[in-house]
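Presented below, as structure tokens, is a lone chain in the form predicted alone.
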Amino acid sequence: MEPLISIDKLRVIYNQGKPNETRSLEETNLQIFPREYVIIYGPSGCGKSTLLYSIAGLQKPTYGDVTINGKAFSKMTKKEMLELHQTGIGLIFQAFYLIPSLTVLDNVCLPQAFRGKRRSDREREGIQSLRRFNILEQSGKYPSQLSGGQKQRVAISRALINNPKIILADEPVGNLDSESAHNVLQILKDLNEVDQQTIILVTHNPEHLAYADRIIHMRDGRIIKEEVNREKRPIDVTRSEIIAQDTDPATQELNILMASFKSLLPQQVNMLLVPYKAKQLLSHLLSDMNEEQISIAETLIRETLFKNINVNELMERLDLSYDKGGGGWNRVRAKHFTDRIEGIMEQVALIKSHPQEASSTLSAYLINLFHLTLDQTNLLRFQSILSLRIDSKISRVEMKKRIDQAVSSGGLGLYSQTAEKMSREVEIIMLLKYS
């Protein structure tokens, strides 16, 4: 089977050669096969949307190329690229991008209007599409009269009206309530399984990963891990080795770093780990920030970890405008962010200075952070689990499993999402205490 999409040594660099140069996508290689459902997953600012827009042909690469159906973008004429955008690829966005002055039906039919199709023909197909997604009764309304879930179903109908084989979805349920999000994700699942369309979806939400055949994990502009739920590609040795990796990406990267630092003194290791710590702490605490804000914040966090500035100075610098060399944040967000950093750093200091009290100190911090109510039995159980993790006797995955496990089975019975967030909080504290 030949790949439907091939990405070869793709790099995207904004403002190359200038003081504000930003590397959004490092050298990236990826193949996507027909009828796959691929999710590109990672924290905000990791390059996943840049990769998606590069696949769509909306983002011009600085280096490398993208090939679809055997034809590289760099070799396509303007007419061929237009044809690909009109009939080969359907795009779904978080913000819907419906035309407010057009009715629902006219929005759906718009791509066919650009193709020169007769109004009666395109309306007939538009009605069929709206009926399929249970939104036909809204056909005469305008976007402002619809709910978020209805708007996204209209956007999906529009993306599918020219019957593309590839559907690209950028955080398509980010603005939706849980029920509407489930409905949209189920639609995409059906398009893949029933219509045999190739789906590539970008998300930062781990709850969506079960829908994918294959998950591409990204961090800092790179693909760092590949995970497979259902294999729809020809298997080879290289991919089998990648699939076998099931460690957390951050833990895996840390293990590689620590292996290379074996001959160094602890103080030297601590200095070399600061850039990595800054990235992980930023990734842990931030979402919905633009590339420039993230880049500046990362630099300021490094300065804080190197103790060149304190937490109060960090807040002031984040709140400062771009033209004055600051992060361009608002003060409320900067205060909340630095309060979270200060809380984490306090836990790190306490664990270092009073290791015998680490589990009780950390449990109190987490109970307050996640608004938990535990009886004495579950509190002792929680502290026992934390103690095992602090002493590296269990992995992050095992800790999360025990927290998530039913009380009757020896766990805490917390919601899966809370257990995931809590385990990540513990991991960032574990990382920062390395010295």
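Numbering starts at 1 and follows the sequence shown. Remember, predicted model here, so these are calculated numbers, not experimental data.
There is another form of the same protein, the form predicted in complex with a small molecule; it is not shown, and what comes next is about it.
Chemist: May I ask you to check whether residue 403 falls inside a 4.5 Å heavy atom distance of the small molecule in the predicted bound form?
Modeler: Residue 403 lies outside the contact set for the small molecule.
Chemist: Do residue 423 and the small molecule come within 4.5 Å of each other in the predicted bound form, heavy atoms counted?
Modeler: Outside the cut-off, so no.
Chemist: In the predicted bound form, does residue 22 come within 4.5 Å of the small molecule, counting heavy atoms only?
Modeler: It does: once the small molecule is placed as it appears in the predicted bound form, residue 22 has a heavy atom within 4.5 Å of it.
Chemist: Using 4.5 Å between non-hydrogen atoms, is residue 47 touching the small molecule in the predicted bound form?
Modeler: Residue 47 belongs to the contact set for the small molecule.
Chemist: Based on heavy atom distances of at most 4.5 Å to the small molecule in the predicted bound form, which listed stretch, 363 to 371, 47 to 55, 405 to 413, 65 to 73, is the contact stretch?
Modeler: Comparing against the small molecule in the predicted bound form, the contact stretch is 47 to 55.
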